[in-house]
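The chain that follows stands alone, in the form predicted alone, written as structure tokens.
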């Protein structure tokens, strides 16, 4: 009877550690495809100009810029200073989770975060418009952490 209980406990401990290690492996797989919160796959990263990425990425439910996002926005600001006739639109996006209204507001906060940062580098607010698409324009229609990380973004596009 006692050895049966010990066997059960050992088996449950082994099973639990196996399940947890499988979860950790999945997280590492996703993390290896991301750098911070920046997805580095070629199907997502596009360029505003040669060598200047057009998008920055955010953590879940956040509009705070990551270090990688600030680096990208500094490159965008430098390019915009050299091209003073260009105006841009910052498109804010969110992943599929959350209500439409919540994600529209979150997308707007993300785009405004990027706008504020560009303005600190001397770009006039007259040259920057902001629009939020919330979860309506995903770059990846998947329903998993990697897809969500690609969709939590602000994209800088040249205005017409």
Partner chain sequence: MIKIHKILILALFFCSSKSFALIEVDITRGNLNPLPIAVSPLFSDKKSNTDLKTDLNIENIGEEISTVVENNLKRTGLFNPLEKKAFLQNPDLAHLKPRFEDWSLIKAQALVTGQVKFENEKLRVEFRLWDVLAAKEMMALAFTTVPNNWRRVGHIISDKIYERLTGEQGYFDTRIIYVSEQGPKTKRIKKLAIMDQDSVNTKYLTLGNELVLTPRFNPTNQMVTYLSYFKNLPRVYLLDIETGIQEVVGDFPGMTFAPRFSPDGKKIIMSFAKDGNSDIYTMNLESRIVERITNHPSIDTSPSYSPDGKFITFNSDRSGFQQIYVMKSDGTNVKRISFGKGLYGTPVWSPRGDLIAFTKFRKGKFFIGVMRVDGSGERLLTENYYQEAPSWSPNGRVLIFYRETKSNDKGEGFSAKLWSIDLTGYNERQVPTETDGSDPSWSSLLSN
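What you see is a predicted model, and the numbers here were worked out from it, not measured in a lab. Residue numbers count along the first chain shown, from 1.
Heads up, the form predicted in complex with the partner chain isn't pictured, but that's what we're talking about next.
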Considering only heavy atoms, tell me if residue 102 and the partner chain come within 4.5 Å of each other in the model of the complex. yes
Distance check, residue 55 to the partner chain in the model of the complex, heavy atom within 4.5 Å: no
Does residue 109 make contact with the partner chain in the model of the complex, using a 4.5 Å heavy atom cut-off? yes
Non-hydrogen atom contact residue 70 with the partner chain in the model of the complex at 4.5 angstroms: no
State yes only if every one of 61, 131 and 137 has a non-hydrogen atom within 4.5 Å of the partner chain in the model of the complex; otherwise state no. yes
